[in-house]
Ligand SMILES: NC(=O)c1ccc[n+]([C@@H]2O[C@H](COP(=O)([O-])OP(=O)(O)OC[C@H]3O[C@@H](n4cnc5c(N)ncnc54)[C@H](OP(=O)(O)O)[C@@H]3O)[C@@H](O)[C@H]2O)c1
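Taking the form predicted alone, here's one chain by itself in structure tokens.
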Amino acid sequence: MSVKVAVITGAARRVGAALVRQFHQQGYNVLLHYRHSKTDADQLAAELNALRADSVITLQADLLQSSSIQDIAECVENTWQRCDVLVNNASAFYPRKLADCSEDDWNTLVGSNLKAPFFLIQALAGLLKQHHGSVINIVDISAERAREFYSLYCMAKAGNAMMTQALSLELAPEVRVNGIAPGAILWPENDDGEEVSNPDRLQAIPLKRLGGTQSICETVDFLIHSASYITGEIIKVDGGQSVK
């Protein structure tokens, strides 16, 4: 039996990198997609390939380009001839006031959070169906709870949530499609890649702490390996923030 394969977008750093490590530890081969973080991607792949040769491949791609979507699908098929899991993790996230929104902002935020995941699912659907695979879309609690100055981002994530539900119907029974809606998982980063903490934000979270990458990894693992009768669901991972 051939080794299972996971495709993870935006996987060079932070949550994406943690998911790469988890799937690799579970015996998967992994396609690690990145856009800008080549050094991080190459270092992570080298570390894991040292443990198991040729088990991780990296692929640089701008998911706003349709040709890049096909590059990912072709790379997986040519390398391993299968895909068992797709995690749509890559996402652009930044504020923009209505008066300042441009078409480029629309293309970036809607493109990365909705268009790219949709067409990547389309491109990999055939391989996913062959092995009764799963898709995990990283949504956001902002899909249901609007944030001031983040209208484009919230709209895109709301579309992502509906995409998850709609495609769970269309791809059943062979493929399960679920989503995870994170809250405060890690502190945001500044332009230098340094985390910027804001302890006051924790007061809005009943559990009074960040979730950390492990909270997302645990939920992905549950949906992939312990929830064979769940599809079309979006699980909030937000420390209870959306309840308030």
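Computed from a predicted model, the values in this text were never measured in an experiment. One rule holds for the numbers: they count along the sequence shown, beginning at 1.
FYI, the form predicted together with the ligand isn't displayed, but the following is about it.
- The listed set A204, A46, L64, I57 contains one residue whose heavy atoms approach the ligand in the predicted bound form to within 4.5 Å, identified as L64.
- With a 4.5 Å cutoff on heavy atoms, S168 does not count as touching the ligand in the predicted bound form; it lies far away.
- The closest non-hydrogen atom of C217 lies beyond 4.5 Å of the ligand in the predicted bound form.
- For A143, no non-hydrogen atom is located within 4.5 Å of the ligand in the predicted bound form, even though that partner is not displayed.
- With a 4.5 Å cutoff on heavy atoms, A90 counts as touching the ligand in the predicted bound form.
- For a residue to qualify, one of its non-hydrogen atoms must sit within 4.5 Å of the ligand in the predicted bound form; none of K4, F119 and H132 qualifies.
- Here the chain stands by itself, but in the predicted bound form one stretch of 170-178, 95-103, 132-140, 78-86, 132-140, has heavy atoms within 4.5 Å of the ligand.
- Contacts of stretch 143-168 with the ligand in the predicted bound form, defined by any heavy atom lying within 4.5 Å, are made by Y153, K157, listed in sequence order.
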